[in-house]
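Here you get one chain, nothing else, as structure tokens; it is the form predicted alone.
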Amino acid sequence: MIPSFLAIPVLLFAAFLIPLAGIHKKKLVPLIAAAATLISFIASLMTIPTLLNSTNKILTHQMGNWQAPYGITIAIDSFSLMIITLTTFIGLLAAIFSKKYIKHSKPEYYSLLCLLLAGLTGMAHTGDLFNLFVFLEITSISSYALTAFYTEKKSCEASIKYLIMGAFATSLILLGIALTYGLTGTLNMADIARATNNNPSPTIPVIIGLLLTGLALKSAIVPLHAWKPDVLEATPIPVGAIFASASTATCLYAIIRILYTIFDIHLTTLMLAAGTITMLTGAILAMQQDNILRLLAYSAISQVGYIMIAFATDTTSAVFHLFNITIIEALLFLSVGALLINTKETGMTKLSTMNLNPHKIIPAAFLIGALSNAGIPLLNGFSSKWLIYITTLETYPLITIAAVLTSALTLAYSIKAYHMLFRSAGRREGEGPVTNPSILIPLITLIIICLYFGIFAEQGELISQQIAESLANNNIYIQAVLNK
């Protein structure tokens, strides 16, 4: 068994154990969630040496000893392992952060959190389209419930909107999967790739269109992005950090897996166009926001555009930026959550008049995340953005100009937000400093990662290059899974 696969049953077990524990021992609830996410993260780390020592750098496992393509296949390469590790890591930090943020240790919150992480982790493990859909549905259902967690008008409205848009997206994906099975007679990703490579069909563009549209909606790619700011404004901030980072990264992973591995097609023009529009639109809309959570939501949308552009031009820079943005968005959301832990106010104008008196780590965390998001040197966001600038400048200089302009806009609204949240004059007395370790430890950990991969960028580039090489040839994946 692949070590990282242990994360799925552990998280599912925790999701069902937490409500039972919550009946009599509510204090155990956050500890169970933290323990489950810690075990999951450790299992992910244990998989790294196993993968590096494996043949072709791909790990496979057939559930119930049914041989592919007939049984359920677990298939992990370096790209999927990166997503699994990021998801369990961000999940661990969110669970730790929630201990202080979520009052009264509510069992339903932690149960849904574990269910969400199980779904995201499962999406990156699966080697067939049907189970990709199953885990996507687990992720979606838990996401809808977490969005409505506060049971206020705003959160319920956002949850309903998310449910409608999500149901439409999953319907498109399910239709695409049904057409795939009708065309190939299989749902195993490697077997679909083998079948479609040997027998091209006019149905394939329809299938790709359905799958990509559904996943683009899940990833909040413009113009399918309208639900995301409402959801991130309404949901508990630790969950919002997962939505903006790990959840987005996993959906982008699914898009790249379908394009690169299954159909061996890059759609360069489409990715460049959608990425540029997403990048600019997100930044422009973020400039107009007074609500800090909506600003961060549009900022996250903008960064997805960079990743799409990078995948169209240079996979190494795309993988590196995907990693960096996952860390950065988690840092931004958690630092804002630490600031707002004792207030429900999210408007920057009103917050600028309040003296919440946060611990000095909190403004430092937000500033580092904001500057890294804008691509300032010596921070990890610059390391990957610089690669994107270089690779696009050679072939698409206009896109390079758009990317630099977007970074300038990002810097502008980031400085504005930092000033209004932490440096405005005329404040009145507030709640006092936040010093709880469950708040500070996740922030300090994310700060260290941002600084490390900014100063030692070459290490991130090397790892990203190795991951990119694993995506370059789908024949290796096909042979490893089908054992042919």
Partner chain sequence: MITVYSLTAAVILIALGTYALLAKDNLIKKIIGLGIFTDGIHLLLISIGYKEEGIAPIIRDIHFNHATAVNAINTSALNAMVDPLPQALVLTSIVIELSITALALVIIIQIHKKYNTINSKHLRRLKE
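Treat the numbers as computed from the prediction; the structure is a model and nothing was measured. Numbering follows the first chain given and starts at 1.
Quick note: we don't show the form predicted together with its partner chain, though the next part is all about it.
Peer 1: Does its partner chain come within 4.5 Å of a heavy atom in each of Asn355, Pro363 and Phe382 in the predicted complex?
Peer 2: Judged in the predicted complex, none of Asn355, Pro363 and Phe382 sits within 4.5 Å of its partner chain.
Peer 1: Please pick, from Leu252, Leu172, Met271, Leu259, the one residue with any non-hydrogen atom lying within 4.5 angstroms of its partner chain in the predicted complex.
Peer 2: The option sitting close enough to the partner is Leu172.
Peer 1: Can you pick out, from Ala167, Met348, Leu405, Leu411, the residue that has a heavy atom within 4.5 Å of its partner chain in the predicted complex?
Peer 2: Here the answer is residue option Ala167.
Peer 1: Residue-level question: is Trp66 within 4.5 Å of its partner chain in the predicted complex, judged on heavy atoms?
Peer 2: Yes, Trp66 is a contact residue.
Peer 1: State yes or no: in the predicted complex, is some non-hydrogen atom of Gln288 no more than 4.5 angstroms from a non-hydrogen atom of its partner chain?
Peer 2: No, no contact at 4.5 Å.
Peer 1: Taking heavy atoms only, is Asp230 within 4.5 angstroms of its partner chain in the predicted complex?
Peer 2: Within the cut-off, so yes.
Peer 1: Report yes if any heavy atom of Phe456 sits within 4.5 Å of a heavy atom of its partner chain in the predicted complex; otherwise report no.
Peer 2: No, Phe456 is distant from the partner.
Peer 1: Tell me which stretch of 241-249, 150-158, 92-100, 320-328 has a heavy atom within 4.5 angstroms of its partner chain in the predicted complex.
Peer 2: This holds for exactly one stretch, 150-158.
Peer 1: Select from 174-198 the residues with a non-hydrogen atom within 4.5 Å of its partner chain in the predicted complex and write them out in sequence order.
Peer 2: Leu174, Leu175, Ala178, Leu179, Tyr181, Gly182, Leu187 sit within 4.5 Å of the partner.
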